[in-house]
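Single chain ahead, written as structure tokens, the form predicted alone.
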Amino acid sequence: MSAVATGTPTRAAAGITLEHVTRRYGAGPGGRIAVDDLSLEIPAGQVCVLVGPSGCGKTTTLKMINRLIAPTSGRVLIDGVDAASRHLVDLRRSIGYVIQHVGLFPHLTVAENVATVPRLLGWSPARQRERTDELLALVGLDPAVDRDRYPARLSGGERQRVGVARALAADPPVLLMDEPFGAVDPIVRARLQDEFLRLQEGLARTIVFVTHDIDEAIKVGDCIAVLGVGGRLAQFGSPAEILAAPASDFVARFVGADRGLKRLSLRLVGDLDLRAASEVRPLPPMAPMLDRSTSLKDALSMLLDAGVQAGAVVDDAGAVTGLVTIDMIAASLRRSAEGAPDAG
């Protein structure tokens, strides 16, 4: 999903507000509450991840945003407008939706799948084709090769890319993603996560992303809503806030005892005040070469795997610009826990 320039004008992202939203199934003692009095404020252009154990109401919450499920009480506002007041078809066509198993139409080609909503909106064939080819390139597929293929001939990762392209076809201000990368193997999943982040950097859609994987939530989310059993909000905040200060024992257990290491995934080598390369010479033969965009978690792993204390930080041309050490990473983690800025 490498981000490329898009010639199609984009609509501004829309903020989402959930006001005391509850979803109850059944009445009386046998009734069940799937989502309980949930209030959230999701800023426009951000990725909000809903995370929690199975049965905590993540997917139900997602479906209440586009009215696949109606709230029992409370309101969902999109760009300040009550979703319940909008025409249902218009609402759903304005919200992209990506699910775990993609849901591509098997009898339609890739291009026909991507153009589903533009076709329903009455776009001309030429405009449909232009938008389809633009989006296939945007998500890292070759329009000349892939547009006439059928879903059965695609890999799992390719089908996920087509699903994202289809969700973006009418340039929706809101994108809902329900475990979108859960059906692919870990290597492909990590690659899709990286490409999703690059794509979002260019498009800045408002995205509500459901996952049960806290590591995925930390990686892709600008903000995280941790839901507990019974559909109650346990904590809402940035990944750094939740890792540094879990609001309860439940949240602490859910994010894991290794949350200190998880915090390292939020900080980059380039965030450090790197030591000058001249301070440590010569570099150990096994010293890894790192760029400034390497996370401190990955940097620490590379240093430990190589059995060295220091690694070289290189620029795009491969020239050494500084050094990062295990001690520097450990000090950064301590400062992060204390809320202090990094320093070399």
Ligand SMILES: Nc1ncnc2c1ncn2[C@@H]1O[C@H](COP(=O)(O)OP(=O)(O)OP(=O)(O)O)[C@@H](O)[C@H]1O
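One-based numbering along the sequence shown. Fair warning: this is a prediction, and the values are worked out from it, not measured in the lab.
One more form of this protein exists, namely the form predicted in complex with the ligand; it is left out here, but the text below deals with it.
Put simply, of Ala34, Ala306, Leu40, Leu283 only one has a heavy atom within 4.5 Å of the ligand in the model of the complex, and it is Ala34. The listed set Gln100, Thr109, Ser265, Ser94 contains one residue whose heavy atoms approach the ligand in the model of the complex to within 4.5 Å, identified as Gln100. Judged by heavy atoms within 4.5 Å of the ligand in the model of the complex, the contact stretch among the candidates 41-49, 283-291, 57-65, 311-319 is 57-65. Contact annotation: His212 falls within 4.5 Å of the ligand in the model of the complex, judged by heavy atom distances.
Contact between Glu179 and the ligand in the model of the complex is found at the 4.5 Å heavy atom cutoff.
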